[in-house]
Structures are given as structure tokens and as C-alpha cells.
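Before any questions on how it binds or moves, here is one chain, the form predicted on its own, in C-alpha cells.
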């Protein structure tokens, strides 16, 4: 009996999450897709390293840190662009995107330097 109620609870939770996410603006969904792609790319690199090996370890580390850093910066952009977030209500979305681009530029300059 406990198993049936937990299944119904899980289905109700997934349904409420799906209906809440349906109300999310398109620009936030695009950022979510970008974050998912960055994390997926990092996972692919880790799987490749586990299968093939990590001979140029700096290259592997740079690739994974680039993906993870980009995902973190995209999450920060999503937080700043979200209209429901009252903490950044005075920040225009253009400024948040400019900060995202500048931080990505600095991140990738550091990563290119790390490659050696």
C-alpha cells in the first residue's frame, strides 16, 4: 500500500513541476537548454577520458573546466534575467548579458593560458 501512494505522490510531483515549468518564459528555457548542453559536454569529456585515457591532462582539465565554468555563468545569467527574482529587479537584462559575455571571455582566456 505504501508503494502505491509513493508512486502517486511522485506522479503528482512530476505533474506539478511540469506545469510550473510550462509557465517559464522562453528566454529562460533557452538558457536552461544551454546549461544542459554544457553539462552534457562535460560528461561526454569525462566518459571519453575514462575510456581512452588522459594523456594530455591539461587539455582534458581545460575542456571540463570550460564546460563547468560556462554552465555556472549561464546559471548566474538565468538568475539575473528571471523577472520573478526581486533581488535583481533594477538590473536590465542587457547588462546581465554583457556581464555574462565579459566573464566568459575572462574564463576562456584563463583556460587558453592553462592549456600551455
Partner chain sequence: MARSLAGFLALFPFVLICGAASLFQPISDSHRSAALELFTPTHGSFKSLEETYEALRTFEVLGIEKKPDVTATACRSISETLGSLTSTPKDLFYALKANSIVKCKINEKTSEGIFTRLNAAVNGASSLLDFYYSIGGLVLIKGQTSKADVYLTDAEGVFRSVKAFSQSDGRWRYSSNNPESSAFAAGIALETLAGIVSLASSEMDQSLIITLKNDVSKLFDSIEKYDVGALYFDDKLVDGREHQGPLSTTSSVVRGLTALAAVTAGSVNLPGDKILGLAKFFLGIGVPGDAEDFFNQIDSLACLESNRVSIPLILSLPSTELSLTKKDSLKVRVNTVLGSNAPPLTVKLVGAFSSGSKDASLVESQELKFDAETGVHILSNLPKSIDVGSYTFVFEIVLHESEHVKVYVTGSQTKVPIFVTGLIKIESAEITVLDGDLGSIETQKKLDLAGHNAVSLSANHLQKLRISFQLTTPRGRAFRPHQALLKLRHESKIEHIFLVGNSGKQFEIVLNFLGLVEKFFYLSGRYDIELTVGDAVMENSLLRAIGHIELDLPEPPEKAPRPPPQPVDPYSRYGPKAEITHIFRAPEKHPPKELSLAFLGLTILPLLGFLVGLLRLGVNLKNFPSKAIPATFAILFHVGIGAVLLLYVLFWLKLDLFQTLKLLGFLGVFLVLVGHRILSHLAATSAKVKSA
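In this text the structure is predicted, and so the values were computed from the model without any measurement. Numbering follows the first chain given and starts at 1.
FYI, the form predicted in complex with its partner chain isn't displayed, but the following is about it.
Taken together, the three residues 23, 66 and 87 lack any non-hydrogen atom within 4.5 angstroms of its partner chain in the predicted complex. The shortest heavy atom separation between residue 5 and its partner chain in the predicted complex exceeds 4.5 Å. For the chain shown alone, residue 97 is a contact residue for its partner chain in the predicted complex, at least one non-hydrogen atom being within 4.5 angstroms. Residue 106 belongs to the set of residues with a heavy atom inside 4.5 Å of its partner chain in the predicted complex. Its partner chain in the predicted complex comes within 4.5 Å of a heavy atom belonging to residue 44. Residues of 47-76 that come within 4.5 Å of its partner chain in the predicted complex, judged by any heavy atom, are 47, 48, 51, 52, 55 in sequence order.
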